[in-house]
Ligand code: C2E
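As structure tokens, one chain now follows by itself in the form predicted on its own.
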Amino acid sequence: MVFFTPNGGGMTLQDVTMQFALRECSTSLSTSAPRAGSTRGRLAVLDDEAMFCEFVGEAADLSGYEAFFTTRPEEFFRHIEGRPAAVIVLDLLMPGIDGMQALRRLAEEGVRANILLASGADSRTLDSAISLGRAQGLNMTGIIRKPIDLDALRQLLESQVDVVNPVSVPHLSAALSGDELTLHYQPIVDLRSGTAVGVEALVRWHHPTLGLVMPAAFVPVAEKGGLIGALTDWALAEAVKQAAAWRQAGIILKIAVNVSNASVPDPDLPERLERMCNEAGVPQSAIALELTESAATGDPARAMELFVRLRSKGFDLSIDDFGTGYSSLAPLQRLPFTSLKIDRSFVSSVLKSEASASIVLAIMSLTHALGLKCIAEGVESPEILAFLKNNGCDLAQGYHIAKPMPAAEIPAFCRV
């Protein structure tokens, strides 16, 4: 999650990777999947590139949509007829049915969704398509240009529909004082030994009436409502207690916990976390903190002080989702991080995109040159796992390895 925007020039990640852009690769396979945790409504994607569908679906999920994506036009139209979408992403050029035919059909069916055209076509062609769609009464609200940029895509998706968030500060405050919050853990394996060496702790909220609420819905509420410090302390305390329980059972795992930007200015965080570990009998090296993109940009001097104090006490610091922004590399020399996570958008497409593979290899080389551990997230297949292992990646996590699971299931996973 952590990136450092250039301040006064300097080398960027794009310089290292020769300005490679993330490209999606065509495939004849059809992929469709509904995703839960919606706060913005439904989003439907029709594109003949399955990897593009997956990528938009992932961004939609992170942006608070329930996403459906497919490469099959008839499946797409059947789906939106039964479950109207708030936003539609439509490829302009597809075999079997082109974007203009699809727009005509959407207009005939009276679809009122916001429509985003996805294409690598020239601007004049795209502008003409937008104008024709509007002439038919459709809500043509934007363009997703290929090759795709994750940050730009998320901003565009989040601008389409205002979040109607049923979660409130009182709800979350009650959850923090009750037993509605829990941590799930996604294993992280050492690619040399194949064994689990750590887990990432992920907060889940089992709301009594809303059901399972994902962090995308309640973390912004915590940040705006002044509860992020309490939520962070809760997650850290739970992780420390779990580390102690596993160690008593002979299971030694490093637990990584995400820390919000709002917690970075907290000068007492290192001492509180150290005290938690001491009281539980857990070494500080058992805990890693994963930091967000702008954690060091708001007040660089204060962030540097906090990071150094945390590292001096023995806590690991990880840069998460590395590679999705214009990242200045200079801070990597100054800030005391111990590991770096390659963003899933690159990892998931290393076998079908030369650009993604080159970016992943460049990040791994850079990480090792700086003496850091390299972690790949979003490993979804045995072939991707083999690519990472053969090219020297240190650690990996993803659904192919294991989905996030309750703490009680971790011992059985470690014994496999």
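If you're wondering where the values come from, they're calculated on a predicted model, not measured in any experiment. One rule holds for the numbers: they count along the sequence shown, beginning at 1.
Below, we turn to the form predicted together with the ligand, even though it does not appear here.
By the criterion of a heavy atom within 4.5 Å, P215 is counted among the residues contacting the ligand in the model of the complex.
Looking at E380, you'd find a heavy atom of it within 4.5 angstroms of the ligand in the model of the complex. In the model of the complex, the ligand stays beyond 4.5 Å of every heavy atom belonging to E158. Put simply, V167 is far from the ligand in the model of the complex: not one heavy atom of it is within 4.5 Å. Just one of V203, A244, L126, I80 comes within 4.5 Å of the ligand in the model of the complex, counting any heavy atom, and that one is V203. This chain lacks the partner; the member of S173, N114, Q284, Q186 within 4.5 angstroms of the ligand in the model of the complex by a non-hydrogen atom is Q186. Stretch-level contact check against the ligand in the model of the complex with heavy atoms at 4.5 Å: of 98 to 106, 146 to 154, 132 to 140, 207 to 215, the positive one is 207 to 215. Look at M364 and Q155: in the model of the complex their Cα atoms move 3 Å or more farther apart than in this form.
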